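Next up: a single chain in C-alpha cells, the form predicted alone.
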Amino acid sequence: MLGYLAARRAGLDDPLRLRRVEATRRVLSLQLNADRDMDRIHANGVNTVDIEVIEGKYMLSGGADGVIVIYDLENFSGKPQYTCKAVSTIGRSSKYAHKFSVETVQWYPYDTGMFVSSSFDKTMKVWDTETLKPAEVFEFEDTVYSHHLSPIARKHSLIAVGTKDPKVQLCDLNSGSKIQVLQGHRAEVLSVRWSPRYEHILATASADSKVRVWDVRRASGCLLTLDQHNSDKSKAASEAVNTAHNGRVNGLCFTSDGLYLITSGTDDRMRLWNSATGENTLVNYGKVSNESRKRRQFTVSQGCSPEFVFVPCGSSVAVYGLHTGELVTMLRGHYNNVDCCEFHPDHQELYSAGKDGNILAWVPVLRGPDVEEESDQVTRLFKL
C-alpha cells in the first residue's frame, strides 16, 4: 500500500487507481463487526434488504413475518460499540401491513421519501416514508416474487414485477396502473432486474430455466434468451431451446457498469454473461449451493478492481472473484441459511440477512500482521 501512496505522490499513478486499490483492500479485509448490532425486529427470517443511494444512511428490510423495518445505519452514540436503531416499523399491528411474507423491498432511486415492497399476499405497495402509509397499491392475481425499479430511468417510471404468472408485468408509477405485459416465459418469474446502463433494458429469470433480456420499447420485447452453451442456432430455433441453467433460475444481478449479468440457479451454478451479446463468459465458480425455490438476493462490489460477487451459500456468504471464479473467502456468522446480502459502496461494507432473523454487518478490518498480507493480495489481484 505504501508503494501505491508513493506512486500517487510522485504523480506516477492517477487518483482513481489509488481509490480502487484501497476499495479492493477493504473488501478483502471484510469481517463480522463485533461492535455493531442491528435492532432485532423480525420474528422470522429476513428475505430482503436494500440501502438507499442518496445518503447511504437508511436501510430497508422485509421479512417472512410480513414486517418492514427502516434502519438508521449511522452511529450517533459516539462510542465504538453501538446498535443501528430501527427508526420506523410497519408491523402486524398496522392495518396497511402486508398479510404474508415480504419478498422484495426497494427505495425509490431518487428520493428517500418513498419505497416499494412486494409480498406473497399478491400485492405491491408504494409507501410514503413519512406517513408509513401506501400511496399506491397494485394488486395481482398471483403470488409476487420480485419487483425492481430502474436505478437510472429518466424517461419512464416503470416497475417490473415477477409473479407466479409467466407474464412479466410492467406497472407505471405515474399513472398507478399496469400498462404492459412481457410474454415469453413458461413458468413463474422469480427475479427481475433493470440494467444500470440502459434504462429500457430489463432482465428476467424464471423457473423455466431461462433468462430473457428485454427492450421494453419494442413490440416484440425480447432481445435475447441466454444460452449456457453459446449455441450457433438460428434465433427462431434457439428461442425454444436455450436455457441459462439446468434448474430454476432465481437470482439476477448486473455489475455496476451494466456490462455483465450474473445469474444463479438451483443447479448449484452461477454464470457470468456479457449483457450486450448474451454470451456465456464460461467463468467457473464451482458448486454454489442454492436450494431456494424463490428469489435469492446477491450483490456485486463497486469501486474495486477486480470486482467481487457476494452470494448466499448455506449459512455463509461466499465471496468470489467476478471474472476469475476464484473463491476468495467465506463469511461465517449466521446460524441459519442466508437469503440476501447488500453491498454498501460508500464504505465497502456488506450487510447480510437470513432465516435466523439476524442482519449482520461485515466491515473492513486491518490489524497487525494482516496489513502486509492483505496488501500483497491486493497487489497480486491488481496484476491479474
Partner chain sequence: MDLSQRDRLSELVEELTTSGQLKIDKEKIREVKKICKESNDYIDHVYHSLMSQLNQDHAEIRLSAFQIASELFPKSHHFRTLLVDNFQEFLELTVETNIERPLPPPQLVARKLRSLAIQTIQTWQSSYGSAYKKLELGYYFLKQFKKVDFQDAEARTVAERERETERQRKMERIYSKRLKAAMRDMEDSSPDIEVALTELDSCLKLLSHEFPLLDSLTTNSCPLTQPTTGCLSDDEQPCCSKNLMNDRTQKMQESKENDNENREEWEEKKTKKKKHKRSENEELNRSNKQNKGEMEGEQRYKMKHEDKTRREAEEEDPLHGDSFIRNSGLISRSYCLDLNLSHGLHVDETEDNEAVVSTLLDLQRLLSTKHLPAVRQWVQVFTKSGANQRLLSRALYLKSSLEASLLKLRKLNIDSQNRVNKTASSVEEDDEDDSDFIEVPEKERYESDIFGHLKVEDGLGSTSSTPAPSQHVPKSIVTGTSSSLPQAPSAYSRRMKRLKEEEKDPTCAAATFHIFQNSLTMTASSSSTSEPSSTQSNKDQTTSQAPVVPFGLDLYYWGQEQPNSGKITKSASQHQFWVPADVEEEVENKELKVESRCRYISFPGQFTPVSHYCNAPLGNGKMCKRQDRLKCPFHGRIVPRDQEGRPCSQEDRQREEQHRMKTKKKHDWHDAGLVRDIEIATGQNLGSERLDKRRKRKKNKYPNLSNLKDSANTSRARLEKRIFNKSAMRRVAETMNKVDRKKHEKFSNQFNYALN
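Numbering follows the first chain given and starts at 1. Quantities reported herein were computed from a predicted structural model and do not represent experimental measurements.
Not pictured, yet referred to below: the form predicted together with the partner chain.
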property	result
H347: touches the partner chain in the model of the complex, heavy atom cutoff 4.5 angstroms	no
Distance check, L322 to the partner chain in the model of the complex, heavy atom within 4.5 Å	no
The partner chain contact in the model of the complex: R26, any heavy atom under 4.5 Å	no
4.5 Å heavy atom contact, K57 to the partner chain in the model of the complex	no
Stretch from 339 to 347, 48 to 56, 30 to 38, 66 to 74 whose residues place a heavy atom within 4.5 Å of the partner chain in the model of the complex	30 to 38
Neighbours of the partner chain in the model of the complex among 338 to 363 [non-hydrogen atom within 4.5 angstroms]	K355, D356, G357, N358, L360
